[in-house]
Each structure stands twice: as structure tokens, then as C-alpha cells.
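Shown next as C-alpha cells: one chain only, the form predicted alone.
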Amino acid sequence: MQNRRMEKHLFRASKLYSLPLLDLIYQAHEVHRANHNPQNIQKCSLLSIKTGGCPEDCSYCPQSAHYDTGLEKQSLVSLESVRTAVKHAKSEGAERFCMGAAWREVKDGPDFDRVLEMIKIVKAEGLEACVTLGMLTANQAQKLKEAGLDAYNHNLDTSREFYEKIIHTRTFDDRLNTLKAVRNAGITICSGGILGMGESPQDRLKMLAELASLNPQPESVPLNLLIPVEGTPLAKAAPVDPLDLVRLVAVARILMPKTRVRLSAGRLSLSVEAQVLAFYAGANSIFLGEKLLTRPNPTVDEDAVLFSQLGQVSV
């Protein structure tokens, strides 16, 4: 059944992607307006709660222990640090607070227990809580749910076929199994991918088709532009054409009408005009703050200007 859904969505995605750009964007915008308030763009904040030293060998990641990127390794942060960051994010207009730990998988014990307390801190401030912690068991997913977690981020990154070219320490099916555990626990799914790792347009469409074939579909799909980092195998990767991103946003919007499509890492490489076009094509979520885990992001002041230009009063 999953394979049939995948094939159906891939066929549709390929047809859409081959349309003239303006026709594709027009269709996507109609779908967007039918399912979302186009003035509503969700603002999220992302904090690295445990940085560096990850045993995975993801070719794009500066936090991998396999590469020398000059990143300073940091242990799990304190509850008070999280409380301060959550209050700050809320004051800047964030609606969802996301926390990322550079772990391959969750291990039961004091650190996981502290993360559960962090989730409670986020919820006490009235924000949605999201974490990305690596692979999960069903029991761990249930504990996250009981702590109040709203969403779990676990990206597919790319297509099944291209995946093995960028990651060797975890399989594509490992990722799908984690998403299944999250869904079974009643937590919403945040899962997307990275553009610019050397993948083909077809790989990108296969990733979207895989996500669209999940039943139910993910509530959030972040689309990241690779930020090349010296020391990683993808340090010299070529940049993505912004219009290729817009095309993918439009296809994602049509394939997954109810999903939040998030402009994530790499927004600094996009002009205001490219971001506006992506919003028109169906993107309706961003990350606020000048850092995403370890990578740079537009400042809150820069985003305030962007939203002012969009006719929104505040970030």
C-alpha cells in the first residue's frame, strides 16, 4: 500500500514539477488559500541543547564526530538555560520552540529525563514544543508525549536512493521507523529534507512523494538549503537556484495541502523577493533567530523588515 501511494505521489510530483513555473505557482497558491490563511506564517525558534560529537556520519553536518569543523562540543544544557531561551523566543514572537540534541538515538537515563523536563518548561510558557533527538523507541516516544511534546522532527533528508551516498551510519528505513513510533504515540510529525547535497531534481521529488505517502501526512515539512561547512564532505557543494526551491515548495504544497511547509536552514542565501515568492507558492513557516543549531540565520530585525514588507504588523 505504501509503495502504491509513493508511486502515485511521485507521478503527480513529476508532472507538477515539469509545469511552467508561473503555472505551477498559481496552482500551488490556489491550494494554499483553500487550506490556510495566507497571512498566517508560523514563527518557530530552534535551540541546540546538546552540540557536537554526534556518532553519525551525515556528510552535511558540522556536528558529526567524523569531521573536523572546528565546532566546540557542548554537553546537555541546563533547565535554566532552556527557560531563559524559551522566554526570549516568546518575546520575539515565536509560537513553537524546537530543541535539537546531537544524538544518534535517545538513551534512557538522566539526560533524557532532563529533556522531558525541558518540554514541560516550553509548555508552561504556552508555546508548542518540538524536539529532534535522533532515533526513538516506542516507549521513549510515549514518554515524550506524556511530557507534553507536540511535534518530533526527524528529517528524511533526501530520496531513499540518494540517502546512502550521504549517510552510512543509519538507514532510510531507520528514519521511517522512528516516524512510525512518533505517530503511534500521538505526536505530530515534522520531517523534510535538505537541498543542495548533489541530489537530482528527481531525488527531491522522491523525498516529497515519500513524505506525502505517509498516512496521515506530516503536519510540518521543513525544506533546508545546504549551508556548506569546511571540514565536511559537502564543503564545496554548489548553491541551489532559489527558483528550484520555489518549485519544490509549490509541489510540496499541492501534494500535502494541510501541511506547514517551512523555509528552514539557508534563508540567508535567499533574497527578500525569493522568500516572498516561496510564501506565495505555499511556504507558511520559518525559524526566527540568528542561529539555527550551529548555522547562521536572518536576525529578528531582518525578519521584522521582511514581514513589514509582506504587510504583517509584527514578527
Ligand code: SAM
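Start at 1 with the first residue shown and count on from there. As the structure is a prediction and not an experimental result, all values here were calculated from the model.
Heads up, the form predicted in complex with the named molecule isn't pictured, but that's what we're talking about next.
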Would the named molecule in the model of the complex be within 4.5 angstroms of a non-hydrogen atom of every residue among Tyr60, Gln63 and Asp157?
yes
Identify which of Ala209, Ile187, Leu226, Val86 has a heavy atom within 4.5 Å of the named molecule in the model of the complex; exactly one of them does.
Leu226
Taking the named molecule in the model of the complex as the reference, which of Asn177, Thr132, Gln217, Gln202 has a non-hydrogen atom within 4.5 Å?
Thr132
Would you classify Phe162 as touching the named molecule in the model of the complex, given a 4.5 Å non-hydrogen atom cut-off?
no
With the partner left out of view, is Arg114 within 4.5 angstroms of the named molecule in the model of the complex by any non-hydrogen atom?
no
The named molecule contact at Asn153 in the model of the complex, heavy atom, 4.5 Å:
yes
Spell out, yes or no, whether the shortest heavy atom distance between Val122 and the named molecule in the model of the complex is within 4.5 Å.
no
Look at the stretches 241-249, 76-84, 95-103, 142-150 and give the one with heavy atoms within 4.5 Å of the named molecule in the model of the complex.
95-103
Stretch 169-195: residues contacting the named molecule in the model of the complex, 4.5 Å heavy atom cut-off:
Arg170, Arg175, Ile194
